[in-house]
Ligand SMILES: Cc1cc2nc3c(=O)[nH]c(=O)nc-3n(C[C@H](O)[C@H](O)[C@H](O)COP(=O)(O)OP(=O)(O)OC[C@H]3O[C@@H](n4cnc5c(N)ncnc54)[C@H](O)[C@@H]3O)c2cc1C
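One chain is shown next in structure tokens, namely the form predicted alone.
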């Protein structure tokens, strides 16, 4: 029997933390959770009482539709903290009238044609892992639409073609991460793009949101892998040409990358793939301070070595994730290749670490995939990776305990990092000291590094008073967004814009560019049915 996705929280129902596990987690959290704190019980599917669909579909589309309460509830929101709180409280306000599962490009065209004619909003769901309101209907605009449809592309999940000579593969855009990798594996290829949402996010979703992967240097965003796209819009379908590179004016692919479902629906994509990794070398390096680790990270990023992983955790982040129990910042550094031994680059990276006072606390050097699988937990990085994948399930458990859990990320040039880091940490801690009785953690890790800058990722866990989870979360989000823009960061490095970051995006971009984007939206989507309110608001 296929695993069932949770309609209120992250992932599969079978993987939700059990009551005994949540109690053990509460004990570990100490002052965060009072002993008498109740564990909130998730709603059962039989308790769902959603409003009836407001629209009707023709027979041709009804065969693609699911109007069950469970699926309409699951597609009502993404999976941000606010989304999980609402789902946990059985608050599925204005859910989609129908969930449609197109199987062909013609199905997508038919859905958009009918929706344009009937003023029905269409939101492409991807894998539903958005944490920025990207797959939710903008309820403030509902007076402009007869209703709304969630378009779930997961039935369009085929490998169309594999070009081994060019190391390229064509996939339908609804394919989820694990299935994509499974289809490449028999030919010893990989896309090598692993966001935290990998298990529950789609190729089309990665493209639409310019998703960032796990690897910290080199090719990191999906942009680096896209070769060609097929996109359906309300005014027509376009297919970009397959080329290794081109200097022919502006790049059409860039129009669709990051368009977040507001201009068109990606239905298939040619992507650049590579042989699976054979050689691996990795180490965990401890620094007395986060500042020393940052200085080392900068030198590695500017050295031309380009490690596959170079992720820096502050001491509290390392402790919480079970990476290192001492009061040290930890750098997880690793090199990979399918072609050659990486020991010389690995040695040079360790020399750079040593020059900044870094001490290698564990390392491994592996020269084949079979050994790598058995050796995957030799370093603390293996523990961190497991924590990384399981984190959303733990987040949901903390929500059930009444805590506030939030993450936000940005990217900033090296010269602006210290000021941004100091002000964000101070502002969030100051606010929470008033709202959480001093029981709070604000941590930082550096997820990606570039020669000219870095991407800090902040995590917040805090108690709150009088069941004010959503209000506190909203305040934290607002403080973070304003501080990031004020101190020269981007509103998002890889979480996308959606609706939660829309105001910050507006401040980040010029008026001239925003006018161009609005006119582009009007051209491809004259009736503004595609994900209205995402990124920009027209109506």
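Since the model is a prediction, treat every value here as computed from it, not as a measurement. Numbering follows the first chain given and starts at 1.
Form predicted together with this ligand: not shown, discussed below.
Looking at 112, 297, 173, 281, which is the one with a non-hydrogen atom within 4.5 Å of this ligand in the predicted complex? Looking at the other structure, the residue within range turns out to be 173.
211, 273, 121, 285 - the one with a heavy atom within 4.5 Å of this ligand in the predicted complex: In short, 211.
Please determine whether each residue of 10, 153 and 206 possesses a non-hydrogen atom within 4.5 angstroms of this ligand in the predicted complex. Yes, all three are in contact.
Go through 490-498, 27-35, 474-482, 64-72 and give me the stretch that gets within 4.5 Å of this ligand in the predicted complex, heavy atoms only. The contacting stretch is 490-498.
Could you confirm whether residue 403 comes within 4.5 Å of this ligand in the predicted complex, counting heavy atoms only? Contact with this ligand, no.
Please run the contact check for residue 392 against this ligand in the predicted complex: heavy atoms, 4.5 angstroms, yes or no? Answer yes; at least one heavy atom of residue 392 falls within 4.5 Å of this ligand in the predicted complex.
Using the partner position in the predicted complex, report whether residue 201 sits within 4.5 Å of this ligand, counting heavy atoms only. Residue 201: yes, in contact with this ligand in the predicted complex.
Residue 130 near this ligand in the predicted complex, any heavy atom under 4.5 Å? Because a heavy atom of residue 130 falls inside 4.5 Å of this ligand in the predicted complex, the answer is yes.
Which residues, if any, of 263-280 lie within 4.5 Å of this ligand in the predicted complex when only heavy atoms count? Counting only heavy atoms within 4.5 Å of this ligand in the predicted complex, the contacting residues of 263-280 are 264, 265, 266.
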